[in-house]
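Only one chain is shown below, in structure tokens, and it's the form predicted alone.
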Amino acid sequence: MNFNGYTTDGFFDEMFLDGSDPRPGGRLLKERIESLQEGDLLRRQKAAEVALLNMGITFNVYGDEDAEEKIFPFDIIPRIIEAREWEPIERGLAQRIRALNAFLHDIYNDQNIIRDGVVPEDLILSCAAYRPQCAGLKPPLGIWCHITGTDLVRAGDGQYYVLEDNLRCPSGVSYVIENRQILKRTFPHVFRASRVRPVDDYPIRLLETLQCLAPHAESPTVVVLTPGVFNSAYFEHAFLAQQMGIELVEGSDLFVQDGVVFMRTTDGPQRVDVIYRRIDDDFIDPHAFRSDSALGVPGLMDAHRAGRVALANAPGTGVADDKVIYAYVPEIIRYYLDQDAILPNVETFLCWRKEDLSYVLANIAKLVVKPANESGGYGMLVGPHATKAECEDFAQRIKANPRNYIAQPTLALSRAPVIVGDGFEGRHVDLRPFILLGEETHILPGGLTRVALKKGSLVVNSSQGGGSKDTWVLDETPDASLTFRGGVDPADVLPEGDEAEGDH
């Protein structure tokens, strides 16, 4: 297979400058792909899919009539980000998470940003994720958002923009790690020659981040709290617990006694110091939040407030996920850090503002309209791809609850080549890097590249037909003297079927 006939169609392409002329970081990959024997690339794609199936890398789609686990679609052509491009992303993400953490601590404590009129109080109090139960809360080290997944998009000008923040229970990092294992065996020669930064140390760094939240425990006990096997991200919960070497627990495995959290074990109760919770706020403690929750631990919030157990992420962080609050992040950065945002937001219209509302209603067929607190691509309108009736229906929803909606221009999202049939076509992509905030800040090099596998689609979520790619962040541009001259490198062949699984 070769890239003859591949076109960028006027979009910014992650691999090609124009036509068949690759970007410097993608030159070796292009040469390697085109040097493979006929049918070999498709065989490797199939082998990768078999390996993913054997490793159990699946997800559930809520509301799916079959209610069965599915393999997360995966394209073996990696997305490549050169070192010079990654450096401002890394700085921008670190800046953003520092400011958002300061914002969360402030709104639940001193509320200076409200008194100074930077963010309106009624917007915060009306946020669906605001938790008055967290008022006065002071989590360990003053950290609220220990694990964050920030969604970035690249527009036609080549600039990266922040699309949204995910501070509650961000998912997807397990796919980053497993995708990398597959790609290291799919293109090992290119991988080594391209000097790709590693991602497999993430579980160790995550564990270190969690352990630092229990400074008074010499050997802190850390657990991952999951809602159970029917959760869409259960694979990731189990994967991360296994990789960190800690227990995966459900609410029924924990109990609070004398203000201390314990885990039930065959050897008797064991104290728990840190909980990496993958359960939404409403369900973590029936005494503090939803009284009908059977997933949480009664008394957990009292233990957390007393400093006897740390929760990551802290309850209440979802305020920063609200897409209306998102529009204020550049001001939030200036307020707390006295800096301009390194990574800009997408231009955003807030429908609670009368002028913005009028503009959105008049131009709804040109805009992307999103509810403030939905995720996964649900509940949104992509105006250029919507019918007149759908636009009219959304206009009525906006009028009924303007606080709940924002609108943004339809961006010409960057594209990357994917395998389609026996050739390549461009598909739109985004990027979710993961940020760990503890005693130090760590940005995972790359992150989860999600790809809209449906031709022309701008929605990359797996629940909406999207897939993923491995993301290679390079230490430097590959040596231009290296080249492939055809044929098959014996070290560059992926085993099929069970052999691929065994190699993992």
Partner chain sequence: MLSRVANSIFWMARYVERAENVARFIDVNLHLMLDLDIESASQWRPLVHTTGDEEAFIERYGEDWSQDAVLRFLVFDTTNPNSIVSCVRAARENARAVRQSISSEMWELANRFHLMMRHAGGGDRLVENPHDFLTEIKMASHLFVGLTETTMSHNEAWNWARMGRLIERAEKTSRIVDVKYYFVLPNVEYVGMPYDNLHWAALLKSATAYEMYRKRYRRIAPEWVAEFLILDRDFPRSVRHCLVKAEESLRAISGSPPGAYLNTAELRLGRLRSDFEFARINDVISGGLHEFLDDAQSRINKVGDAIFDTFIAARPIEPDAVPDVEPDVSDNDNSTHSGASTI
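Bear in mind the structure is a predicted one, so any value in this text is a computation, not a measurement. Residue numbers count along the first chain shown, from 1.
This protein has a second form, the form predicted in complex with the partner chain, left out of what is shown; the following refers to that one.
K.L.:
Is there any non-hydrogen atom of D282 lying within 4.5 Å of the partner chain in the predicted bound form?
P.N.:
D282: no, not in contact with the partner chain in the predicted bound form.
K.L.:
Going by a heavy atom distance of 4.5 Å, is A83 a contact of the partner chain in the predicted bound form?
P.N.:
A83 lies outside the contact set for the partner chain.
K.L.:
Test of understanding: in the predicted bound form, would G158 fall inside 4.5 Å of the partner chain by heavy atoms?
P.N.:
No, G158 sits far enough from the partner chain in the predicted bound form that none of its heavy atoms falls within 4.5 Å.
K.L.:
Can you tell me whether P409 touches the partner chain? I mean in the predicted bound form, with a 4.5 angstroms heavy atom cut-off.
P.N.:
P409 lies outside the contact set for the partner chain.
K.L.:
Exactly one stretch in 232 to 240, 158 to 166, 139 to 147, 390 to 398 has heavy atoms within 4.5 Å of the partner chain in the predicted bound form; which is it?
P.N.:
Stretch 232 to 240 is the one.
K.L.:
Exactly one of Q257, S126, N112, S358 has a non-hydrogen atom within 4.5 Å of the partner chain in the predicted bound form; which residue is it?
P.N.:
Going through each option in turn, the one that passes is Q257.
K.L.:
Pick from E90, D151, D253, E425: which residue has any heavy atom within 4.5 angstroms of the partner chain in the predicted bound form?
P.N.:
It is D253 that has a heavy atom within 4.5 Å of the partner.
K.L.:
Scan 269 to 290 and note down the residues that get a heavy atom within 4.5 Å of the partner chain in the predicted bound form; none is a fine answer too.
P.N.:
Only P269 sits within 4.5 Å of the partner.
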